[in-house]
Structure formats: C-alpha cells, structure tokens
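Listed next as structure tokens is one chain, alone, in the form predicted alone.
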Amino acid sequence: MIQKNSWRNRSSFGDRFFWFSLAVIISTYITFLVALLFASSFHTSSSSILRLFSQSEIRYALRLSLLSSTVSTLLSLWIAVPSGYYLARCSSPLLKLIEVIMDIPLILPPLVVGMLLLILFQTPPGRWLQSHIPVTYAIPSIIIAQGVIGTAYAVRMMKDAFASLDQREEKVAQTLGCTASQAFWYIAFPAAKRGIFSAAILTWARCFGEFGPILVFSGATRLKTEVLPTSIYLEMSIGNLENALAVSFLMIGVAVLLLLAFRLWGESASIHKPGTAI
C-alpha cells in the first residue's frame, strides 16, 4: 500500500510538472508575440495609420492587395478543390509523384518562385502570350505570383479536408445509381464546405501577405504593381520606418478582422451530419 501511494504521488507530481512545462512554453511564445506588437507600437500611432489613407499610393496598394488576393484565392480554389478530392480519393501509382510536384511551391524560397515565373514568361510561348496580354511587371503577374503559392497551400488543405470525410455515403450513393460526379457534387462537396471555407481564408491571407515572388516577377512600381507588402519594402528603402510600421499595422488589422470572421463563422456554421446530404 505504501509503494502504491508513493507511485501515485510521483505520477501526480509528474503530471503537474508536465502541464506546467507546457504552460511555460506556450506563455513564453505568447509573450514574445505580444512583445513584437508592443515594441513596434512605440514607433507608430493611430494617426499615422489614418494618414495612410490620405496617400494615393497606399490607397492604390490597399485596393490592389484586396482585389488581387481575392482573384488569386478564387483561382486557387478552382484548382485546389478538384485536385484535393482527386488526391484524397484516388490510389494511382503516380499519386506520390503528383503530390511532390504540387508541393514544390511550398518548399522553394519565394524569391526563387518569382525568378522561375520571370524566366517562364521569357520563353517563346511566354513572349507570345505577353504580346496579347501584358503579364510581367503588370497586375496579372501579381495574381499569378500569389496564385502559385496560394494554390499549393489550398491543395494541401483540401486534400486533408476530403480525406477526413467518411466515404460511406459516397459509396452508398454510387450503389444507388449516382455517378462519381454526382456523388462529389451532392455529397462530398457540401460535406467539405467548412474545409473549403478554411482553405479560402488561409489562402487569401497567404496571398495578401505575399512579397518575394511579387517583388521579382511584378516589381514594386508605385501606382502600378504596388501591393501592401511591397509598400512596406518601398517605405523602408527610403528610411520611412514610421510609414512602414503603419502599413504593417494596417495589414495586421486586416488579418485580425479576417481571423475574427473565420472564428465567428466557424462557431455558427452548421456541421454536416451523415445522411443529410442526399
């Protein structure tokens, strides 16, 4: 009995120490993040952020950032939803190779992605396309640069979303006469709506903050290819740290609003239940 109580005491102490260690780790990281914002707040103010809207360059960069991120996200989802479903449901021997190729933008340095895009559009097919539609150092290049990175993230998230769904409803529907396409549209797609929404939010945020590929492939020309991340770069290049921080806090504000919308939607959205999709 004494040994059993001693073991319980050691176990209880070990559990307390384990949870205390986890609390120390997470509190340290949270403190670091808060310190980042707190230290930066001394170098800017709310009036500095409000003054940004009086500058035509920043207003243009904000509009272009919002527009390009939205278009890039829609294009990314247009590719990612069917691609994620294919990767989650098919068992092709080439599946691993396909996944590796689609993950390439995730492992390449962003500047390298921009350089590869720049080279691609200097090839004969790329020059032919640009003779009809300006791409390099123009607005389409921003959407392409954001989309290449955003699509890789979206595909990975959509694959996980579809893989987490129970396939029994789809199989039952197909035994009752549904085609694979109908099973996807009427069962899998509605069931994955929360995953699609999450992918859209995170992809949009990734596109909104993209910098490296845009700098190389699109440049940073005022009132032409300037988005908010390149605004920060341009302001810092001329030594205007206050303006750069103000733009940074503007981007943080957009990110916080986006996260709040995601949390609110996530709590109120209905959850798919088996048997309700047919």
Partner chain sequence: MKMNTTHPFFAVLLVTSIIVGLALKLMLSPYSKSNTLKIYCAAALRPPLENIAREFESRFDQHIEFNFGGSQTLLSNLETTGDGDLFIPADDSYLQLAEQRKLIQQIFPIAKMHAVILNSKDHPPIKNFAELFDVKLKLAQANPDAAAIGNLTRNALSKINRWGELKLHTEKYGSFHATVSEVANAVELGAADAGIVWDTVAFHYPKLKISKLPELDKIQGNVSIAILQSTRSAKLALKFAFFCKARDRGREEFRQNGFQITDDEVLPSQLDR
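No experiment lies behind these values; they were computed from the predicted model shown. Positions refer to the first chain, counted from 1.
The form predicted together with the partner chain is left out here; the points below concern that form.
Of the candidate stretches 155 to 163, 203 to 211, 132 to 140, 96 to 104, only 132 to 140 has residues whose heavy atoms lie within 4.5 Å of the partner chain in the predicted complex. With a 4.5 Å cutoff on heavy atoms, residue 28 does not count as touching the partner chain in the predicted complex; it lies far away.
When contacts are judged by a 4.5 Å heavy atom cut-off, residue 219 counts as touching the partner chain in the predicted complex. Taking non-hydrogen atoms only, residue 53 never approaches the partner chain to within 4.5 angstroms in the predicted complex.
Contact annotation: residue 34 falls outside 4.5 Å of the partner chain in the predicted complex, judged by heavy atom distances. The listed set 234, 49, 251, 62 contains one residue whose heavy atoms approach the partner chain in the predicted complex to within 4.5 Å, identified as 234. A single residue from the set 71, 87, 144, 113 has any heavy atom within 4.5 angstroms of the partner chain in the predicted complex; that residue is 71. Residues of 144 to 161 include none with a non-hydrogen atom no more than 4.5 angstroms from the partner chain in the predicted complex.
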